[in-house]
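Shown next as structure tokens: one chain only, the form predicted alone.
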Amino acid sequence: MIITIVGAGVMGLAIATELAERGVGIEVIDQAPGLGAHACSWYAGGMLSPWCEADMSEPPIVKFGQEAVSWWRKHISKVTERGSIVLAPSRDSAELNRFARRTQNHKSIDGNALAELEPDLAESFSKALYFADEAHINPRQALRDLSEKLLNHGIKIHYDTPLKDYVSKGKIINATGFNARIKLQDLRGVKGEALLLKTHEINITRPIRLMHPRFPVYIVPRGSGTYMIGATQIESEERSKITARSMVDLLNAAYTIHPAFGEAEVLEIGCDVRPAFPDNIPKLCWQGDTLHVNGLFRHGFLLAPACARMAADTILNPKHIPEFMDENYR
């Protein structure tokens, strides 16, 4: 049995990895010219933070997101397990209290405890929430690691290959994200925008979320003085342009966390559309011989492991009904 996986972003590569480990013959195809062309996965934050997500997400996101750390630890070269921190300026302390009520598995810490975890933040913030069991990864390195492992096992990844130009040898798994909207009519696009900054004036070692009047902004360290700033969430299917307001909001938030970000070098500006269903929960669904795995919304690296497991279970046992299966498409 040969399974064709369409899409070599995080979802497609995670499914390929899961099936390969179970001895299933697979090929991966993608219409993009190469790995770096996957903007949605390429510009992801890489936070493995299921408990923080409880603030704005449904319970299944928290439950199945807890599979992520162990899965990534097994499959890539580095997972940074230093937890994550949620902050708020003193004027927004009510937002921090609200966040604490809506989430679990955290500890309230004062300025002294924050200084031990992140010394560069202690002067600006006197209160925070610490989620010790959360982690983060570098998405770009994670994609490279998964691709390299697959290639080392003799699994071919065919780039620059649209599905219409490919002759399938069996069942197909479609993991093309927003590009599958023609087949999945209730799939919508949610635009995300991100900045990549570089500064050696500060040293932050774990993801930081800042409570913001309109959306929580996060900063994720990537090493060597590089930080990813993101979290815009816009109901738009425009994929290529970051708005001026979003740029200002992201930079202002970074400056609020530490003024040194005001002098940081802007390395990259990126954006793309994340696929989401109306309830913002992923779905697996069959259309003929094609299994669609889609709707990861803004939880790509967090939920890809659980969705990959469910996809592999379904392929190997067609009678199996995974937790995210949507029978309406059969």
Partner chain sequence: MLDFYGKKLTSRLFLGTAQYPSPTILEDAVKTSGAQVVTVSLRRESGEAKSGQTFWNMISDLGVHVLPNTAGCHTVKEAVTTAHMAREVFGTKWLKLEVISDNDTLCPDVLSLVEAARILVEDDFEVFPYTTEDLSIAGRLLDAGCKVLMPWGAPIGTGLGLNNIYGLKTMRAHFADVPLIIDAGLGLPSHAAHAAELGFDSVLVNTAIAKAGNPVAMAKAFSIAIEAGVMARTADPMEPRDMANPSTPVLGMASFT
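No experiment lies behind these values; they were computed from the predicted model shown. Positions refer to the first chain, counted from 1.
The protein also exists as the form predicted together with its partner chain; that form is not presented, and the subsequent description refers to it.
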Exercise for review: Give a yes or no for S236: in the predicted bound form, does one of its heavy atoms lie within 4.5 Å of a heavy atom belonging to its partner chain?
Suggested key: yes
Exercise for review: Please run the contact check for R91 against its partner chain in the predicted bound form: heavy atoms, 4.5 angstroms, yes or no?
Suggested key: yes
Practice item. Please check if N280 has a heavy atom lying within 4.5 Å of any heavy atom of its partner chain in the predicted bound form. Key: yes
Check your understanding: Wondering, does K171 line up within 4.5 Å of its partner chain in the predicted bound form on heavy atoms?
Key -> no
Practice item. Could you tell me which stretch in 220-228, 181-189, 103-111, 133-141 has residues with non-hydrogen atoms within 4.5 Å of its partner chain in the predicted bound form? Key: 181-189
Review point. Pick from K198, H158, R73, R245: which has a non-hydrogen atom within 4.5 Å of its partner chain in the predicted bound form?
Key: R245
Point to revise | its partner chain: the contacting residue among K78, R98, K127, R82 in the predicted bound form [heavy atom, 4.5 Å] | key: R98
Review point. What residues of 57-76, in sequence order, lie within 4.5 Å of its partner chain in the predicted bound form by heavy atom?
Key: E58
